[in-house]
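The chain below stands alone, shown as structure tokens; this is the form predicted alone.
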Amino acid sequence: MTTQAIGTSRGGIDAGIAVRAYLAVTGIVLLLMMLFGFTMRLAQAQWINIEPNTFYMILTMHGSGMVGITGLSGAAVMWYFVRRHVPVSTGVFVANLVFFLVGALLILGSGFIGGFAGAWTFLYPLPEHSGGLWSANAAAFYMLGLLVIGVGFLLLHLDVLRGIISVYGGLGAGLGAKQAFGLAPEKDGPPPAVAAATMASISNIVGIVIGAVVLVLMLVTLYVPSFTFNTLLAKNLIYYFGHTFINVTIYMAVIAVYEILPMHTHRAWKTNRAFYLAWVLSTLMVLTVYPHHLLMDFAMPTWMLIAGQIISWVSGLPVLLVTAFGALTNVYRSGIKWSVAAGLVFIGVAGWAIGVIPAIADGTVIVNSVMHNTQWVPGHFHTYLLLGMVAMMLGFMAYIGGGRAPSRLGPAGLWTFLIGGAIFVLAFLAGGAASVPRRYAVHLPGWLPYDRVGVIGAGLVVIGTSLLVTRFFLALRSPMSGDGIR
């Protein structure tokens, strides 16, 4: 089976148009969510005034929207590159986008029309006990939106695994399990994109199914108040789903690193036993690491908290280490001619690596008890999501939109995004170190310096991202951009 045959559109749907549609939606929604975040930082800095109810509604929409759009863009990266190796359905790919748009409209309606402000984590029983701030219908629309989006992703991941099984004969073979344990030659292992797609699809299918269970139960409680279930169990299920989904966005996006850098260095990405072992271990750990979100819940079984702490120290390291080392060795003395796409995906690896450091610190019980409800937490996850995953995604967007894109917009956008992102996350981390609480609409005078530096960083991030997204849209005039997707 050749790459060209696999890449051909199935069902009469053009794959190139589908990928561009994903990225067009990504660009618009990403900028909208960034503007929501910018608005919240302006309010905390007391440079604008918005009501607390509105602040928490925007906080909910920002969190949900960012998780969703990083998942959508990560899926675009994964699907685009994995289709070079296995047969996947363009129809299912497009269906996922349609499900996402419908779900996003339901979620935005729940907030801007219904006033839902229960945070993207929607912890039970908060959605049904709003104190009159929103109705049961608003909460239901929010959770239905999540369910609809989940259905789309579930179909997409099942289709990806179907394609992998059809070529490699099983999920273990797609993951490179035999190569990982020395049971088969390394040269016969799957390409990096296939191993990553296998891990991401297995993990997300499990997480989405668990998320669907808790969402359905909570929908019942909205309209049948007599029906209740254990709140600690609900929190476990929600964080299992949420943590798995947001982590998988990075594991899908990192495929862009494996594919784009080698095109610039003219060196194949080296796979070996360590590479495959890293993906096997990460598959197991991403499905078991979520308890570090519950380290402050004294009612949790002690063994789960201990396991959560230990696994949180090491869960991200296997794939991160082989990816960071692989990126450095792939670039070193390669004579690479840097492009905007290559620069952004390389920055993404660095942002991911740096963001893991404060994350590991927060995953330690003694630190978590002091830092978890401070801005240290948005500091660490914005580091590896904004400067990590989003940078990789913007690199993929630059790669696809290479064509006739204006040359000056790319470098200007890259450097503005990088400088702004660094200022933005450092303001969060510094605020966390000073015990500035997270998720507060109103800040005390002593916290304002951190907020105002954060506003400057956020503004630069919005400008840099706007330049990169504008560059992509201008490039759509080209009939064939990037490497010529069909």
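Each residue number is its position in the shown sequence, starting from 1. From a predicted model like this one, the values you see are computed outputs, not experimental measurements.
Just so it is clear, the following notes concern the form predicted in complex with a small molecule, a form of the same protein that is not shown.
- A single residue from the set Pro378, Pro318, Pro87, Pro262 has any heavy atom within 4.5 angstroms of the small molecule in the predicted bound form; that residue is Pro378.
- Only one segment in the set 114 to 122, 92 to 100, 340 to 348, 267 to 275 has residues whose heavy atoms sit within 4.5 Å of the small molecule in the predicted bound form; it is 114 to 122.
- Although the partner is absent here, Leu154 is not a contact residue: none of its heavy atoms lies within 4.5 angstroms of the small molecule in the predicted bound form.
- Interface residue remark: Phe428 is counted as part of the site for the small molecule in the predicted bound form, having a heavy atom within 4.5 Å.
- Looking at Trp447, you'd find every heavy atom of it more than 4.5 angstroms from the small molecule in the predicted bound form.
- For the chain shown alone, Thr70 is a contact residue for the small molecule in the predicted bound form, at least one non-hydrogen atom being within 4.5 angstroms.
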